[in-house]
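Coming up is one lone chain in structure tokens, specifically the form predicted on its own.
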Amino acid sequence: MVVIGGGVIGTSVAYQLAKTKRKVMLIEKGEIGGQTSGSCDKAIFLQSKQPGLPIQMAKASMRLYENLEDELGMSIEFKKNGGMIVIESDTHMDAMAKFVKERKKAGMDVKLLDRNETLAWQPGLSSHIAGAAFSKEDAEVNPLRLSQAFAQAAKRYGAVVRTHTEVTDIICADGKVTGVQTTDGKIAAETVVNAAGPFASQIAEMTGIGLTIMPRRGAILITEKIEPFIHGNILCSQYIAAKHAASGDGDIPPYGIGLSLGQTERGNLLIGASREFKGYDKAVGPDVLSAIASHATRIAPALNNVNIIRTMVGFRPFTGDGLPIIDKAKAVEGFITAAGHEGDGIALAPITGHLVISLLEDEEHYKDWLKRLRLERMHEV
């Protein structure tokens, strides 16, 4: 079996496949975790997910995270410190009260905080904010280390990991996958898992399949190392609105700006983020970066005194309906897609590996979820 893509999704899938004693080869065109998984924040937000299947999947994935460091034998910097969605204006409080109510109904431990409660938990925020939605279920992880830990664990179970190797074609015969062509030669395989994230459409096109996965560009500012600045991770209500907006939606702010704020183990702040449809162009202009900084410092004025040392840009795999594609192709036997997680790839990485196994083995445990994904998606594979 060949798994294409060495980010958190591809490495999770490769790990779970290798555990079943299948012969697995993971192919990554760069370094493990070097694409989207190495250019994003570190938040595992559950409350940002939509009620229904998205939250159910995220909660199941979180249960897997609880013991993942012991299972993988490597630190992934997993911490369950809670998460907060800041509300800037009193006019948004009613909408966020509904947001909280819906997530409570979906089984989440989440509550609405007033201004004083919010500032007591996050004193670095501006006194003008109205409140926040807070959940102690939200957590954080280092996505680069997570990708590397999955890959190393997969290798211990016998998987072969080939980096700096690009897939240039999917070889098919009589409607079935027979292998892949790479920059380092041909590899025979009866099953190929397309876990190439925002590049998944390009891989699918090699089999004649059209996937509705678009790259949605995002930029993040990285600061110098400072003393602990926040507790857990922070989003703002504008971030949630931008996340769930469709392409061309006129109701989101310029560049899709919404605050995401986290802090690494070493003390660097990760300040985001933008959301733009610009193809695969990584050249983000100073206007976008300035807009991210301006929005962040309005919510957390203390950031004005912190130096930015660099930026990073990545692409989220956007599907349009907020649901990943985890399914077998109808037209090409042996071709499986596990992509399109948008900004939820970090949260859903552990469960996605299990879902692919369930897809292959027709396990009852996740069979209903896979069926619901097919029914709720607005696209076919």
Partner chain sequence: MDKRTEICRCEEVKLGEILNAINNGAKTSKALKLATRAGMGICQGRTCQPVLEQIISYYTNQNIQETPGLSTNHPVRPLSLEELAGNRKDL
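Residue numbers count along the first chain shown, from 1. All of these numbers come straight from a predicted model, not from anything done at the bench.
A second form of this protein, the form predicted together with its partner chain, is not displayed here; the remarks below concern that form.
Novice: Within 4.5 Å, heavy atoms only, one stretch in 309 to 317, 65 to 73, 345 to 353, 326 to 334 touches its partner chain in the predicted complex. Which?
Specialist: Of the options given, it is 309 to 317.
Novice: Does at least one non-hydrogen atom of Thr168 fall within 4.5 angstroms of its partner chain in the predicted complex?
Specialist: No.
Novice: Does any part of Lys101 reach within 4.5 Å of its partner chain in the predicted complex? Heavy atoms only, please.
Specialist: Lys101 lies outside the contact set for its partner chain.
Novice: Using the partner position in the predicted complex, report whether Arg266 sits within 4.5 Å of its partner chain, counting heavy atoms only.
Specialist: Yes - in the predicted complex, heavy atoms of Arg266 and its partner chain come within 4.5 Å of each other.
Novice: Evaluate His92 for contact with its partner chain in the predicted complex, applying a 4.5 angstroms cut-off between non-hydrogen atoms, and reply yes or no.
Specialist: Flag for His92 set to no.
Novice: Contact check in the predicted complex: Lys29, Pro54 and Gly208 versus its partner chain, with a cutoff of 4.5 Å between any heavy atoms. Do all three pass?
Specialist: Answer is no for this spot.
Novice: Which listed residue (Phe134, Tyr239, Tyr255, Phe199) meets the criterion of a heavy atom within 4.5 Å of its partner chain in the predicted complex?
Specialist: The residue in contact is Tyr255.
Novice: Which residue, Thr223, Thr118, Thr182, Thr212, is the contact with its partner chain in the predicted complex, using a 4.5 Å heavy atom cutoff?
Specialist: The option sitting close enough to the partner is Thr223.
Novice: Within 293 to 310, which residues come within 4.5 Å of its partner chain in the predicted complex, counting heavy atoms only?
Specialist: Stretch hits, in order: Ala293, Ser294, Ala296, Thr297, Arg298, Leu303, Asn304, Asn305, Val306, Asn307, Ile308, Ile309, Arg310.
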